[in-house]
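Only one chain is given next, in structure tokens, and it is the form predicted alone.
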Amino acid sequence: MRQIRIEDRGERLSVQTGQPETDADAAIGRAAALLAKARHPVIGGLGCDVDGVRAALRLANAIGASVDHAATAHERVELRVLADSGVMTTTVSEARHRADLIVLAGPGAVAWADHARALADGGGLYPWRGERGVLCLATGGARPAHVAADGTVSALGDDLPLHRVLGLLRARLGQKPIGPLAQDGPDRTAIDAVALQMKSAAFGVMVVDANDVDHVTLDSLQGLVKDLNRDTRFTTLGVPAHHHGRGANLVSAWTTGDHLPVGLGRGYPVQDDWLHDAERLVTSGEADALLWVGALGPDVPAWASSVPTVALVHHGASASAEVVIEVGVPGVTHPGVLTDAVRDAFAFVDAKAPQPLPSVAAVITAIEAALPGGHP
């Protein structure tokens, strides 16, 4: 958004609107100047809708920035297992209607089930399904309050790490011996009962949050599901990455050819989980400017204070940065395209409470236009 000075009137006009310059115009100009002079800028957070991610990638290409998402670690675990050994997965809608056993693996799965209430509806498309039971594995004592179940709610390994519980179940499903068990842990009878419960399900779904596990544990979980499919039908349901992480990765994939994080400083996309990690780049001093996008969250992280920062935050968010610009929230203050967890697809979401706040895409496009050589 370039400005020109009208000398005889002594005021600044926005070339984009032709109207007197506003505080927003000035903020856009400061943001563009900060990013333009950086040798290695970074675009992080990336909590926004599809249009916002596309605009961020265009800006990154213009200024040679690295682009990362706040939920990259979550996606990295899932993608590594997918690449190494493959996964079996389903959608929320299928789990809701088909599953006669919901297995919540880890406390994150319980927290998501209660927060999203994605499984609070028992479905009803398939009357042959029968009663639905719920099984909690290594949830630390957490139990779901909003999962539709007309069968029993049971648990195993509240005081054990998830990888240990998975290993015990895989061993007993394969009729292999297990070593000595801790006195305060489950006994062999309880483990065998849960293994039989899972094997007896007509259609079981294991819910897991990748934030709870590393790629080795998630690979073991997928291995357990594959073992169960020798006798019955079983699959997994991954908790969606926070702040539209899955959608951002898909936009990156069709735009750059690879998932996030990605660097665009060489004139072509370079994907490298370590090299283009936003936090590492900033804390190591390799990056000298940061554009933080947090319309859907998260807040500007503490580590951003070590580098000049432009923060795009939702209305009412507290942020400390060289330039702070309030933006709208897609699906709340303005329409947007986001991933729909139930259908596992992109969906248009209308504004629930429209407000005259700019979208992330509009602000980033304006910043790109304000760069030296940019086009309004």
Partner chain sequence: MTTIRLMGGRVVDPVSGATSVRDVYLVDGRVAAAAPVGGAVDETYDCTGKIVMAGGVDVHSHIAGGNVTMSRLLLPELHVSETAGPDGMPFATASWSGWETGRLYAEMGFTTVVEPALAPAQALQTHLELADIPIIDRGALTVVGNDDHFLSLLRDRESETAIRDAVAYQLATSKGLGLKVINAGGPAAFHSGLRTFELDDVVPHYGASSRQILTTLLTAVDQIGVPHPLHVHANNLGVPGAPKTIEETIAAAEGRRMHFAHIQFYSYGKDAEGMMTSGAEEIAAALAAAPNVTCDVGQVMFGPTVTISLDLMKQWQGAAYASPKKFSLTDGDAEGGGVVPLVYARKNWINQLQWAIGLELFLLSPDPWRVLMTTDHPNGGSFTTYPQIIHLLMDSGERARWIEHMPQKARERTALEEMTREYTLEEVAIMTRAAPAKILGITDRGHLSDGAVADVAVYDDLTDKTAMFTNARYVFKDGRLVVRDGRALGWISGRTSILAPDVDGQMERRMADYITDRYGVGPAAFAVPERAFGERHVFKVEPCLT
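Residue numbers count along the first chain shown, from 1. Quantities reported herein were computed from a predicted structural model and do not represent experimental measurements.
Keep in mind that the form predicted in complex with the partner chain is missing from the display, and what follows is about it.
You can rule out all but one of 100 to 108, 279 to 287, 168 to 176, 247 to 255: in the predicted bound form, only 247 to 255 has residues with a heavy atom within 4.5 Å of the partner chain. Contact annotation for Thr139: none of its heavy atoms lies within 4.5 Å of the partner chain in the predicted bound form.
Residue contact with the partner chain in the predicted bound form: Arg54 places a heavy atom within 4.5 Å of it. By the criterion of a heavy atom within 4.5 Å, Thr235 is counted among the residues contacting the partner chain in the predicted bound form. Among heavy atoms of Pro335, some come within 4.5 Å of the partner chain in the predicted bound form. The contact residue chosen from Leu275, Ala190, Ala116, Leu79 relative to the partner chain in the predicted bound form is Leu79, the criterion being a non-hydrogen atom within 4.5 angstroms.
Of the residues Lys37, His40, Arg30, Arg58, just one reaches the partner chain in the predicted bound form with a heavy atom at 4.5 Å or closer; this is Arg58. For the three marked residues, Thr152, Ser200 and Lys352, no heavy atom of any sits within 4.5 Å of the partner chain in the predicted bound form. For the stretch 82 to 106, the set of residues having any non-hydrogen atom within 4.5 angstroms of the partner chain in the predicted bound form comprises Leu82, Ala83, Asp84, Ser85, Gly86, Val87, Met88, Thr89, Thr90, Thr91, Ser93, Glu94, Arg96, His97, Arg98, in sequence order.
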